[in-house]
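There is one chain below, alone, in structure tokens, taken in the form predicted on its own.
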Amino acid sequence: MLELALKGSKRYYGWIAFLLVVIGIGSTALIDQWMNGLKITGMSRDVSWGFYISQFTYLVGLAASGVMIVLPNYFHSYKTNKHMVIFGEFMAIAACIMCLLFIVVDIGQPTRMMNMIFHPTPNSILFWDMIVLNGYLFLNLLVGWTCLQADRQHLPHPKWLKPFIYTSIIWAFSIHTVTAFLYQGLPGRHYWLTAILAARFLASAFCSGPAILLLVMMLTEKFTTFKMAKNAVKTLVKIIAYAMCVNMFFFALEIFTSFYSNIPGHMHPIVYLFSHATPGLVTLMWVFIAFAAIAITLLVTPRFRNNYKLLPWTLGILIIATWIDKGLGLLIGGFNPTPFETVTTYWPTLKELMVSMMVYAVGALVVTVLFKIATEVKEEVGHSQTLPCGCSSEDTCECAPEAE
């Protein structure tokens, strides 16, 4: 099926060329990092994790997001979104690749990643993080590619694949749980030292991840013949709304516990982020609160939630809010104040951002190629034809009873 990615319009090839240029530009900064070390980043002795690890953390949530489409389809026989499942699995593949790349660029010399294989340390959470990420990548590659091939040949999905599908659904929860354990297992980092960090990670993943996936799917609709079933979109948006409410509820619990208990170690990181950090970071943290409130208001109000012209903006606001919280504030707040009650200011450097831009471009390239293959197959087998009611096919249409 890879040959399907080799044909396309001038716009398609132009987008591929643009991503390759971005990857090339970012590669220059990566080569500089390999030559001169991590001193080109904003990291230091006191802030040993930086923008790379924060983006890794956020993208693990994107990888886990596909389960919000796969789980209803296989566990609850919700077939309305069955033609969207492959896109969730392919998005998870791209997200896992980006996660692994961010780990590789963070460790400095890429050869160091072989230490985990040649010198395994099962007592280390990082070792298990490598296992769950690579395992989830393999599962989605196996399930997604096999199902798409079966669809193209007009064959039922192989029965031997079902155990792998169910395993991948459970595995999706493990990847973000283990990532949370990386943080909350570190004594002296009070902002991370909370029992509900894994729950916060999952809630954030299940709102931001599907939001990103839905936005990409909307772009896919615009440039291809594939159409999502309206009922499937409505269901997914409701899931996003519930997850975002739970995410902010957990954040409010952290605020209450920290300040009602009056424990300095728990209060200081929050106070630092919202009042004593650099002006840019303080502003961003308040933007996170404002955007989260706006996103929840728009999502819980049916009139706004079902407005498809407004929906992309709502999802964009939600993504920005969750990215500021988990993709930036979580890491910086965990390192400040330090265990010595000092503050070490951190902000990513230009070269750090260039390397990150390269990784994101690689992920965008993977998504583009995989989605191109999926949409071409969907068009071949007739799953891309939209009905007058807006549903993608007759077997998933739920509008007929209403019309009668």
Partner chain sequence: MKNNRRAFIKLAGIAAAGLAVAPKALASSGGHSPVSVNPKAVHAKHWAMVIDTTKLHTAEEIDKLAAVCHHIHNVPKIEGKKEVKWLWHDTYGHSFPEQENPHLAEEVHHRVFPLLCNHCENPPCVRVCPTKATFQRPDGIVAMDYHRCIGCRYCMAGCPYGSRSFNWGEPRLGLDVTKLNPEFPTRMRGVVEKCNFCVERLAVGQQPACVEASEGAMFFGDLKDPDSEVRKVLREKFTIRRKPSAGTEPSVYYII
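Residue numbers count along the first chain shown, from 1. The shown structure was predicted, so the numbers you read here are calculated from the model rather than taken from an experiment.
Keep in mind the form predicted in complex with its partner chain is missing from the figure; the text below concerns it.
Enquirer: Can T278 be called a contact residue for its partner chain in the predicted bound form at 4.5 Å between heavy atoms?
Expert: No, T278 stays farther than 4.5 Å from its partner chain in the predicted bound form.
Enquirer: Classify Q109 as contacting or not contacting its partner chain in the predicted bound form by the rule of any non-hydrogen atom within 4.5 angstroms, answering yes or no.
Expert: Yes.
Enquirer: Spell out, yes or no, whether the shortest heavy atom distance between I125 and its partner chain in the predicted bound form is within 4.5 Å.
Expert: Residue-level check for I125: yes, a contact with its partner chain.
Enquirer: For P187, is any heavy atom within 4.5 Å of its partner chain in the predicted bound form, or not?
Expert: Yes, contact at 4.5 Å.
Enquirer: Out of P158, P163, P120, P302, which one falls within 4.5 Å of its partner chain in the predicted bound form, going by heavy atoms?
Expert: So the residue touching its partner chain in the predicted bound form, by this definition, is P120.
Enquirer: Consider the chain as shown here, without its partner, and state which of T368, T41, T375, S356 has a heavy atom within 4.5 Å of its partner chain in the predicted bound form.
Expert: Exactly one listed residue reaches within 4.5 Å, namely T41.
Enquirer: If contact means any heavy atom within 4.5 Å, which of 112-120, 167-175, 317-325, 144-152 contacts its partner chain in the predicted bound form?
Expert: Going by heavy atoms within 4.5 Å, the stretch is 112-120.
Enquirer: Which residues within 32-51 place at least one heavy atom within 4.5 Å of its partner chain in the predicted bound form?
Expert: Result: Q33, W34, M35, N36, G37, L38, K39, T41, G42, M43, S44, R45, V47, S48, W49.
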